[in-house]
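A single chain, nothing else alongside it, follows as structure tokens in the form predicted on its own.
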Amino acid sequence: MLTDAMGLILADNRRIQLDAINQPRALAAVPFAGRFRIIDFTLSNMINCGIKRIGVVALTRYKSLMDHIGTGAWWDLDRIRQGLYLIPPYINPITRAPDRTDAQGIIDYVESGRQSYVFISSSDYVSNIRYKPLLDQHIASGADMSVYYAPDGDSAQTISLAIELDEESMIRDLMVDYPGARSQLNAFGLLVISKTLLLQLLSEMMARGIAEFSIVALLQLYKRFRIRALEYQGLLFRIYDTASYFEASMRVLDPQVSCQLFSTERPIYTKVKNRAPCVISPESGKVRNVLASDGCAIMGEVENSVLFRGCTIGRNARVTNSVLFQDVQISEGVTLDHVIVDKNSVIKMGGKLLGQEGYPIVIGKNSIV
């Protein structure tokens, strides 16, 4: 159990845009796998590893995120001591933009903790991951920082953290979002650092007028500090664009994949909403390979799709290879294929939306189509 470590979750990532999906919400608040949000996986990973003090840095579009995590009760973080800390931005009253004093909120959070190490996680990946191996290797190697990576780099990938390592597995080169990167070793947003060094770097940021704090900014210090990289061999979904989000959502439908992601040994917790169980009408068509959450009502045909809470599929409707967010209404006779429909949207009778593999159609929140 990691009792000597605190957590810090970065809810935003300006490098990553999911079209209409994350326009109304922070990246960490993007729904995933039927009833979860991306932040649920990071919060649950930290709790399962024994971390009881977790700060969430929310810079923009954080209403949905705050509504979801609340006091942290669903993750057993509503405590008198330690628990969940929301770190809001400092907005410059003149420019209405994030100010360099954003770092002060993080400094206050880190300084007030008694732990010696800080796990910093971004919100651009989904995984059920153990933190202890990373901390053990970090301490044993004497590195200044340590980060996980996976050998899944792609020369055509536009969002990446391609790293090259020396004989001691220390980062000797880093290329950010470069499509022609030679290395297939791709770091992702989970880094451990000592509390003392983090406070030093945050103070330097404020002194230099730097407003943005991120995993990338820390990794770019590889020439100044010894940053060790440890290979992660478990299941990992990178969320860097709409296509990658859609692909990850479809892969969850595979029972072998879902068993790895939702382990009984390390459960994933989320906000509970009391709704009736999913109902499938006897008059419905084929319903196969569907992840349907509570409150759904299926009267049409659904295949290879993810339905969040409260979705309604009308009679004679056909939904295939699609992701429907909470309280989406699909009217009678609608045909959907390779479509992502955001929360509270309505697809009118007889509508037909056909996307393609790798290019799903995205319908924004509260839309009527």
Partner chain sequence: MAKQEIVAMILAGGQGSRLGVLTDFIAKPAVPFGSRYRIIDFPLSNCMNSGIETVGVLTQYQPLELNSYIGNGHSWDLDRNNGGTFILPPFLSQEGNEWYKGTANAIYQNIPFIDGYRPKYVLILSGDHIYKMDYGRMVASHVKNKAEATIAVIEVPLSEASRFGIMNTDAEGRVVEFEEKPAEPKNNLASMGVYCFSWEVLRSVLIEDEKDPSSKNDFGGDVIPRMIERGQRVYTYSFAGYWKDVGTVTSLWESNMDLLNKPDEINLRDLSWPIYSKNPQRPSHYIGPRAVTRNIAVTDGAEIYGEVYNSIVGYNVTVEEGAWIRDSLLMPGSTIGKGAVLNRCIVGMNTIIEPDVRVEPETPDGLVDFQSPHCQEGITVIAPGMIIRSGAVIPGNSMVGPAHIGSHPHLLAANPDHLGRGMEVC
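Remember, predicted model here, so these are calculated numbers, not experimental data. Positions refer to the first chain, counted from 1.
One more form of this protein should be noted, the form predicted in complex with its partner chain, which is absent from this view; the next part is about it.
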At the 4.5 Å heavy atom threshold, is residue 230 in contact with its partner chain in the model of the complex? no
Please check if residue 132 has a heavy atom lying within 4.5 Å of any heavy atom of its partner chain in the model of the complex. no
Is residue 341 close to its partner chain in the model of the complex, meaning a heavy atom pair under 4.5 Å apart or at it? no
With heavy atoms only and a cut-off of 4.5 Å, decide whether residue 137 touches its partner chain in the model of the complex. no
Contact residue in the model of the complex, from 141, 194, 214, 289 (heavy atom within 4.5 Å of its partner chain): 289
As a check of understanding, the residue in 234, 151, 267, 180 with any heavy atom within 4.5 Å of its partner chain in the model of the complex should be identified as 267
Answer among 199-207, 277-285, 240-248, 160-168 for heavy atoms within 4.5 Å of its partner chain in the model of the complex: the stretch 277-285
So which bits of 290-313 sit within 4.5 Å of its partner chain in the model of the complex, heavy atoms only? 290, 291, 292, 293, 294, 295, 296, 297
